[in-house]
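Presented as structure tokens, the chain that follows is alone, the form predicted alone.
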């Protein structure tokens, strides 16, 4: 007799059978298999993009950072000297063993290799190139004791600064280029000191790049916010026409746009002609608005303005007009309704525009190079200039570029902390 047959007994539910698919496989197992296959397919789809970014972005940046601290010349081309001088205490002159190692390296090294290490050392201590190249040519004649032989060849071998420099530069990694990028350097005793005033150009240019980029970003907000609001509130037909005018700079060459500003802003240009015509300035008082900071700020504000308008427009277009109408119906003035209801909703687009414009501006090159003159250049112009110099100048350029990259990453981190990347809306 079963329990169900007993009057008043609680019925025990029958155990449920496991859910299966049509072909009899457990449903959970089939779902896991399907999800794993979807993830593999998604990974395969983005794999070319990962490979492209790795080859064209990640690896070059790693190489840039590595070469900016690389210092292989002395250790590679004067290997015996680098090993012998490692234990030198820096007082008096090195031992006979170090001079012998130097004589051996000068004898073994060719004109090209000694020339490279001499050029590297000459960048730190002027005159050392001629000393080394002269000794290289006489190296076959050197006999022990080598200290006397080298001192007889050139008195500069008796200068402790030369040997201290060789000892310091025998390290394969050096912060020298980053020190130079921050307007510091090693002195004759190997201490880190500030460079003379007339040589301090990099930190000043970094600050100039930062504040001019910030000013350009503020100007694009002031000019772009009303335009984006107008685009979002106009009827579609008029808004499309106005949007074409906003997008027109995208369809025009950057070089052409910059050249147009040169024509407009030069002292014999259109803007000065209008000011003279309106008697704002006289003929002799034409304003210099190009080849300085004014030219850079004006041209870059115009070029980067669409990058502020488009994110703002994409956000404003989604804000229902009924929200501000509701605020006004409850007694708020138009200005208060805009500031307290409408404007906070545009923060995602505003944040995206600020991020786009500032990061683009801080790394701009062409426009400051063409219209900035000497006072309106950015740090990118100095980087490009150093890229075409000697190997030491190239490494200095890589150090400057690395500092710029780290600065942008820090700004992005601060932006994420203050605003939040998840609040950005680009379109």
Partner chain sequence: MLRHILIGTTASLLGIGAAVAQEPLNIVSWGGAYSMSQRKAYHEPYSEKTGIQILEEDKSNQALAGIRSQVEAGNVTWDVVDMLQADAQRACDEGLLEEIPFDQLATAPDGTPAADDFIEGTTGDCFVPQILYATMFAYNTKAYPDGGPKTVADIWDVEKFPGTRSFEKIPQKNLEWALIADGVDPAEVYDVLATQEGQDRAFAKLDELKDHIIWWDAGAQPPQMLADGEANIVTAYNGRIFNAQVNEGQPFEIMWDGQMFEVDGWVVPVDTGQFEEIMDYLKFATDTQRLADQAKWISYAPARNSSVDLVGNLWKEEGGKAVETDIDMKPHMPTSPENFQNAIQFNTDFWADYGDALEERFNAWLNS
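Numbering follows the first chain given and starts at 1. These numbers come from a predicted model, not from an experiment. In this text, rigid core is short for the largest set of C-alphas that superpose within 1.5 Å between two forms.
One more form of this protein should be noted, the form predicted together with the partner chain, which is absent from this view; the next part is about it.
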Item checked: 194, 171, 328, 137 - the one with a heavy atom within 4.5 Å of the partner chain in the predicted complex -> 137
Check: Given that the partner chain is left out here, which of 256, 335, 245, 112 has a heavy atom within 4.5 Å of it in the predicted complex?
Finding: 112
Notebook entry, point to check: Only one of 230 to 238, 97 to 105, 171 to 179, 195 to 203 gets a heavy atom within 4.5 Å of the partner chain in the predicted complex; which is it?
Noted result: 195 to 203
Check: Closest heavy atom of residue 35 to the partner chain in the predicted complex, within 4.5 Å or not?
Finding: no
Notebook entry, point to check: Would residue 127 count as a contact of the partner chain in the predicted complex, using a 4.5 angstroms cut-off between non-hydrogen atoms?
Noted result: yes
Notebook entry, point to check: Heavy atoms within 4.5 Å of the partner chain in the predicted complex: does residue 310 have any?
Noted result: no
Note to self: Check residue 377 for me: does it contact the partner chain in the predicted complex (non-hydrogen atoms, 4.5 angstroms)?
What the structure shows: yes
Next item on the list: Using heavy atoms and a 4.5 Å cut-off, decide whether 119, 267 and 291 all contact the partner chain in the predicted complex.
Entry: yes
Margin query: How about residue 76 - superposed on the rigid core, does its CA move between this form and the one not shown by 2 Å or more?
Written below: no
Check: When you overlay the rigid core, is the Cα of residue 272 off by 2 Å or more between this form and the one not shown?
Finding: yes
